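In structure tokens, one chain follows: the form predicted on its own.
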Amino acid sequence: MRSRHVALFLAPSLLLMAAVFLVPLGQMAATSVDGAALSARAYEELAASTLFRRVLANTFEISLGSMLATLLLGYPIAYHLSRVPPARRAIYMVMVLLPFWTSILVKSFAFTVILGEQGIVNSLLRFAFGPTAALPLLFNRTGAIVGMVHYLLPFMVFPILVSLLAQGSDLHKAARVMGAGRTRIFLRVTLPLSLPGVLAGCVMTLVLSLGSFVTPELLGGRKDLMMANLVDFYTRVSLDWGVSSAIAVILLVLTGMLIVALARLPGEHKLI
């Protein structure tokens, strides 16, 4: 009886999810095989396409680079937040959430002012090191990764922060009693126990990076196209909905395989 009540309670939300997610997903999968014709034309065309292979490689390179850069920036931030008093931590957490306060489109245009040839960063470099000190930071892979890291940072910080806050202070006290210094405590206690949060943050940032469209479109170069940009090309320019749907299906399958692989890590590093 109780399970029946639970099912009735969940039915509206499940129907809504099916309507807005599963039905379009099914239509996309059907379009990729030409509906009832069950043709593999789109997948065969992609398998023979040099452009698709190059864009797929770009997607993983940029996504992995963004994930690693976000981890290198996010872990120290999360570690610092875990060591400050709760009242101050709340203020700092609001600052971490600042990227969510503005549309990703507006932020991408803002980075053109910051990273451009005459932007703030290059102006400071010229002022400090001379007129030839400017760096190419925009409309290339560097610009795309910088913009994506700015957007992804909260998704890395908060899972790691949760893992760090879950560690009892008694563990660190016991390690100090046994003669361990700060560095040894971090490497042997804090870091290993925070790995589930690190993996959760890596999964979220990597999945979000794989589907990025706006940031690489506005801040990346011609050689930095990603899968979502290729879907847009086949949808709007080539008008080949079968191939664009096939690309979306492949991206979905690759993302799902990645999540499952990381979720099946053995022992204490499991995510789910």
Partner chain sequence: MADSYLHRSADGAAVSRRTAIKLGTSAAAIALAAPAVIIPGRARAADKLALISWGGGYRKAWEEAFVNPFVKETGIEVVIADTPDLAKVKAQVTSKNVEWDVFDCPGSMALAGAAEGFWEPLDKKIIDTSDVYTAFGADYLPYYMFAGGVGWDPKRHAPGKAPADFVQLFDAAKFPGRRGLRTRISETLDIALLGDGVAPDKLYPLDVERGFKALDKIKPHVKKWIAETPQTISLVQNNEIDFSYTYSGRVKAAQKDGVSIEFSWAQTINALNYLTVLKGSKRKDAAMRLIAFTLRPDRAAAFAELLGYTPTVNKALPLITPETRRWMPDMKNPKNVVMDDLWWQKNYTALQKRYSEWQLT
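Note that the rigid core is defined as the largest set of C-alphas that superpose within 1.5 Å between two forms. Keep in mind it's a predicted model, so treat the numbers as computed, not measured. Numbering follows the first chain given and starts at 1.
Beyond what is shown, the protein has a form predicted together with the partner chain; the following relates to that form.
This chain appears without its partner; in the predicted bound form, the one residue of M204, L210, L225, A42 with a heavy atom within 4.5 Å of the partner chain is L225. Remark: F139 counts among the residues lining the partner chain in the predicted bound form, judged by a heavy atom distance of 4.5 Å or less. Interface residue remark: S82 is not counted as part of the site for the partner chain in the predicted bound form, having no heavy atom within 4.5 Å. In the predicted bound form, at least one heavy atom of P24 sits within 4.5 Å of the partner chain. Shown alone here, M17 lies within 4.5 Å of the partner chain in the predicted bound form, counting heavy atoms only. Stretch 109-117 is the contacting one of 88-96, 109-117, 154-162, 69-77, since its residues have non-hydrogen atoms within 4.5 Å of the partner chain in the predicted bound form. Residues of 228-256 lying near the partner chain in the predicted bound form, listed in sequence order, are F233, Y234, T235, R236, V237, S238, L239, W241, the criterion being any heavy atom within 4.5 Å. Once both forms are overlaid on the rigid core, the distance between the two CA positions of E45 between the shown form and the other one is under 2 angstroms.
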